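Only one chain is given next, in structure tokens, and it is the form predicted alone.
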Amino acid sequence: MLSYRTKWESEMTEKKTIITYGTYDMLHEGHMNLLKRAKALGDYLIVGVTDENYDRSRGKLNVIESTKKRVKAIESLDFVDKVIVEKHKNQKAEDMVKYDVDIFAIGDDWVGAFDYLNEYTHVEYLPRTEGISSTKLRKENFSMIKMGIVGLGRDTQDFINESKFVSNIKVNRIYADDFLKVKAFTKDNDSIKYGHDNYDEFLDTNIQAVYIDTALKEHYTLIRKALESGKHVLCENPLALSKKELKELLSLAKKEKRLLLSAVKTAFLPAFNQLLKELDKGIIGEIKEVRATRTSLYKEKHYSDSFIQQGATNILSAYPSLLVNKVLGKSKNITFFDQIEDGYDINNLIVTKHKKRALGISSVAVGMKSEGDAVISGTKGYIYIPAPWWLTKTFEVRFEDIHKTMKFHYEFEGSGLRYMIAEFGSLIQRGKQKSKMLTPSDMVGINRVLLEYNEVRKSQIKTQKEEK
């Protein structure tokens, strides 16, 4: 006679396990039909819901709902037996072995794409429901966002090119105060049909949002006018060059119920966000120090003297400050070790102190070159992000025992700007004024360094004048 447990195990072995994967954004009838067809193939249905960072790394930029919300929606279905989260491209094969899967079911729009998985289980392509999809629902529920560009900056053309990969954004206007340059730019650019040299006139069009890429000292005035005109704003960092101005802009955005976002693209990259998730799990223990370097020899890239003379801290400190602020939180005090040449800082070593005596050490330079990597040190191990760390694709979790090293890789497409543009567009469509990836508090934190440094420099310059 079989024991109860042996009998149960025997029954389980006879059951067919089915697995399927999907994003399941805006769960709809098509999803439900496909899942029911999958369940009909066997007895036990496992559904893999894609993680948002994995979605973004494979080019799915217009997913509306968070991973948590999509997982909850699938868990609520009574015919689904288990829900897992898919985090990387090799996970399907791993899951098939782990869960002893009999059939992998997927929509027939993927015919042939997953034949290689027949090595692990039987692959079954299922018919999809005609006439319904998440893409169609997004188009029906969310309108196209018309966007204009302010300035002819170093990232203007790149921004236009990258925006073409974000389906809910249309860029077709540009403003700059030089009429001849605007005319030449629109003539050579098929995407931009309308050029303006009058800012008020530009804002008085049917655009809903603007991207600002101009000299740093112009940001405050341009942002304020755009917000007052009811436009959402994405602006290159820094948003302002004084604490008072930054506070005013954030308050104005809140009052006008408009989105104001710093264009620090690192904050929106899939690998960078996965890095933060791993740190939240305590993977390297208590974090004691964050070191990050960002340098560039802009003269070799033929940037103008006026751009370089804005100084290393104003131009580059947002990047290491982002990492330090995201990992260690608000700083208690800041110390600068700068080198001044020709009236501006060619490099600056910035040391910040945080809670539990943790240190942030940021190095920025426009007059020297150094290895652009980053290290996050903890009580159990450390994370190494190779250069250029601000274009995060790969990071390693390293321990005292080198055999325990864990490697993470999340690819991104293009220059990385499309992920930031996609987040900006998604927030507008959903009526949100804050991004979880870069909150108003984050923006205040990453700008605190350069705002305090500008105050220090003003004081130094004033003292020098008085001494003369």
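Because the structure is a prediction, the values reported are computed rather than measured. Position 1 is the first residue in the sequence shown; the rest follow in order.
Heads up, the form predicted together with a small molecule isn't pictured, but that's what we're talking about next.
Contact annotation: the small molecule lies within 4.5 Å of heavy atoms from the stretch 103-111 in the predicted bound form, the single such stretch among 103-111, 214-222, 310-318, 337-345.
A heavy atom within 4.5 Å of the small molecule in the predicted bound form is found for exactly one of Leu276, Ile132, Val97, Ala387: Ile132. Distance criterion of 4.5 Å from any heavy atom to the small molecule in the predicted bound form singles out Gly30 from the list Gly416, Gly30, Gly42, Pro440. Highlighted residues Tyr54, Lys92 and Arg128: every one comes within 4.5 Å of the small molecule in the predicted bound form, counting any heavy atom. Looking at Lys434, you'd find every heavy atom of it more than 4.5 angstroms from the small molecule in the predicted bound form. Among residues of the shown chain, Gly445 is not one whose heavy atoms approach the small molecule to within 4.5 Å in the predicted bound form.
Heavy atoms of Tyr453 never reach within 4.5 Å of the small molecule in the predicted bound form, leaving it off the interface. The shortest heavy atom separation between Thr50 and the small molecule in the predicted bound form is within 4.5 Å.
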